[in-house]
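Taking the form predicted alone, here's one chain by itself in structure tokens.
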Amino acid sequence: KKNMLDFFILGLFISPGSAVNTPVRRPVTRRSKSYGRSCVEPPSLFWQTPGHLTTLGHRIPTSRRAAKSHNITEKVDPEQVALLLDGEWKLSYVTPLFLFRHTQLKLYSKRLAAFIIAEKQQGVAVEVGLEAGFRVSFSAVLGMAETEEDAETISSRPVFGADGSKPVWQGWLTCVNGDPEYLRSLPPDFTSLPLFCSRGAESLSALVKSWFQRTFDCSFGALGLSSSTLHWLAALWTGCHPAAGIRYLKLGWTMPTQPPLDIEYSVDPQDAWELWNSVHKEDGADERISVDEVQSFINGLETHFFRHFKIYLSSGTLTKVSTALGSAHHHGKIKVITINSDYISTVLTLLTECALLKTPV
């Protein structure tokens, strides 16, 4: 059984039909070296676009749509959805890809496989078990895009070890509900898939990133999750409780003591929901959640903890959030559990935003 490298690419342009399209190619300026979008010549091509990329980091939303349940498998192959929800993912951000073509996925598969084999032959350390009988596969996963600006999903199967039983590596890129002003401002030969998720051998992750950097003149960086992002995930997941049943809400703080003190805080799901319901005001079909409501929710949890233990959690750093729907860690790791498939677009929207805000301009 051949080994296979698994890839998902979420957010490529797609026509109303079943074919995946790529933007019409236009004349482009030659780029000097592979440093991502900072090396476009002339610089005005990027810096003076209508979106004003240099201000992207200041456009942090003050409200977001509440998580709404919808059966994603009505649009996306259930097997593809299962791969997205299976296991914990390490997060990175990616600068826009130069001359990425959605019609060339088979060619990219062959080139990446050849690149990994060549690197291994040159003595680069590669995961044990990844012998000559493996292959790389890129394929389209239609239905994940939420807006016209988003690119649509591309997927394949996992890389298996030599015995064909244990997956060695998987990865995917995505853009779900990306900032429309920013996406429209990109030059025509750039495709934004800012969120990169991977799991498996770090050596393979490094090789895959290296190939993307050389092939599409992009760059990667670690994507940690700030306390603010974890606050939002805690609130969004808690808001799903009446429909999905979060079962529990667990939060972890690290306190600035010597040595550092780690605090685990478990909240009864019904208590968490009642607190959230007391600070959140529903406003019709297009229900939105404000940052003030999220902060009030977290403040309520911290106040309750102080009442019992006389410890100010607000002086520490929220490092992790976990419910039966998923978990996230500030180191940039996230797990979306199968029962949360109906809410996956909410999580991917938030992570796409984090990746875009982290991407250098």
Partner chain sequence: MDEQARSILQRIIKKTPSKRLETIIRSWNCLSEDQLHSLNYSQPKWLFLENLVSRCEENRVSLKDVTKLEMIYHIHNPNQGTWHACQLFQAEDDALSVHFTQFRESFIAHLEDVVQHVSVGMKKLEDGAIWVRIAWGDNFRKPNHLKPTYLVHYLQSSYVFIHNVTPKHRPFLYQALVLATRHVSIKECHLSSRSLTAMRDLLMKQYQQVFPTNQERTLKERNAPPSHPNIEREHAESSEGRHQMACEAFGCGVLPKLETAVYKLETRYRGNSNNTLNDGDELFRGVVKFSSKNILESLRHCVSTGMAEGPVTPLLSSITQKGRNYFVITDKVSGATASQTPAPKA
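Here the structure is a predicted model, which means the values were calculated and not measured. Numbering follows the first chain given and starts at 1.
In what follows, reference is made to the form predicted in complex with its partner chain, a form of this protein that is not presented.
Each of Ala272, Ser278 and Tyr312 comes within 4.5 Å of its partner chain in the predicted complex, counting any heavy atom. For its partner chain in the predicted complex, the listed stretch (261 to 269, 168 to 176, 225 to 233, 240 to 248) containing residues with heavy atoms inside 4.5 Å is 261 to 269. For the options Lys335, Arg64, His329, His304, the residue carrying a heavy atom within 4.5 angstroms of its partner chain in the predicted complex is His304. The partner is absent here, but in the predicted complex a heavy atom of Met255, alone among Leu105, Met255, Ala113, Val291, sits within 4.5 Å of its partner chain.
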